[in-house]
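For reference, the chain that follows is the form predicted alone, supplied as structure tokens.
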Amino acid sequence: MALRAYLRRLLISNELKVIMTEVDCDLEIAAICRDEFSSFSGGNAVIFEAVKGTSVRISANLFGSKERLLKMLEVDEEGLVTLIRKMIRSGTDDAATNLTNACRIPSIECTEPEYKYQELTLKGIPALRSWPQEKDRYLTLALTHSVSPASGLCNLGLYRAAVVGDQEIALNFAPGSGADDHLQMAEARGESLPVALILGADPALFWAAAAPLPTGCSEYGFAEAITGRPVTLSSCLTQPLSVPANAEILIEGELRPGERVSEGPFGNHTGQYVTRVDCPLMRITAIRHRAQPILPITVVGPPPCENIHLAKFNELLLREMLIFDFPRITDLVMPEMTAFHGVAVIAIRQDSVADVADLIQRLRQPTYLGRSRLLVLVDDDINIHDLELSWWRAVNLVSPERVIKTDKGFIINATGINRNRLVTADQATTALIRNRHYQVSSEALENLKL
């Protein structure tokens, strides 16, 4: 499904607001988007038809609610859980291997691209400045496509991209990411790494690129497995890559060995400005686009922000993978305010102390949650989605020996509650008051002398 088809669906269902007044991509658009998302139920998706200084239109708040994300994937929540469980349980290996095998690179059709115009320059693409201290403009929903020089497998990542020159972009992918692995391989060979920034293809690719998929799992294959929509690619003009044929804007370029640049300050989800001094530098070799292109954007910053819905879908995927690999885990929840740091509360089926210690050791490994700032383990007798209750349980049991330091953060082991010592209501009395009628007289209350 092309971005435009998705926007048409939102328009028909009265979930799309079209703003015709001229707006500025310097601070103004970001402020409008924050107000829209903060309104009732995440607000509407928005199209800005008149952006100052450019003919490019902007679409925003595309995944401002869970319902809108599900519409993007063309599945309901129950169906999504069923699809994920089917992929995770499709083999006899662990969840990561089974998921990777279920998301093999799909049968890809090749066609002539719809992005055939070549009129835009990098200056003409309305990248955002969202916060006052940002000095650069950012492409905040740029899907980065790269290919492993060794295996030929492609990676699709969602990284921030700062426009730092007329033909240069600072592409901020983290160490250990798929794109970083590809760059390290290319640099070891003394070669440049071809890359393409995809702006506005099938919107399901936003989640596929952001999801915590195992290394080697195809993002295109994952998106196709979830949506049932085939992937159609076309060849780039200047780089040996094949990318989605229905992209609104395609930026082709390369990362040359050793070229790094300072990037930032950028206002991110921590509520603080961040900088990076060694950001890979992408040199642009071509830009193509559709007629009257639409640039998708998201506004990054402190909560509340629309990106939280992507994080909650990541939570769903992680929960199912962990439950499959670790039978003692019964549930997982990532608090919205901390989800981007991998903070999670995990419900554990009560077992022996040795078994819980083994589970903790395995959770410390650099797999699904190995980079988390904080994991809190509690017994599964409470509803961990009630975060106040989970916090109360953890605080009551916390002690120095129950706090385990990891490479990235901490694990608090608040399991092992003695259920025989829990304060609980008498069941017979509870049943009695539920079934008994207590007569209350309004007249007696009026005459009551206190």
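Only a predicted model underlies this, so the values are computations on that prediction, with no experimental measurement involved. The first residue of the shown sequence is 1; numbering continues from there.
We do not show the form predicted in complex with a small molecule, though everything after this point is about it.
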property: All of 326, 366 and 406 within 4.5 Å of the small molecule in the predicted bound form, heavy atom check; result: no
property: Which of 193 to 201, 316 to 324, 297 to 305, 110 to 118 lines the interface with the small molecule in the predicted bound form (heavy atom within 4.5 Å); result: 297 to 305
property: Contact flag, residue 131 vs the small molecule in the predicted bound form, heavy atom cut 4.5 Å; result: no
property: Non-hydrogen atom contact residue 177 with the small molecule in the predicted bound form at 4.5 angstroms; result: yes
property: 4.5 Å heavy atom contact, residue 210 to the small molecule in the predicted bound form; result: yes
property: is_contact(residue 310, the small molecule) in the predicted bound form, heavy atom dist at most 4.5 Å; result: yes
property: Contact residue in the predicted bound form, from 344, 156, 243, 99 (heavy atom within 4.5 Å of the small molecule); result: 156
property: Partner-contacting position among 372, 172, 232, 330 - heavy atom within 4.5 Å of the small molecule in the predicted bound form; result: 172
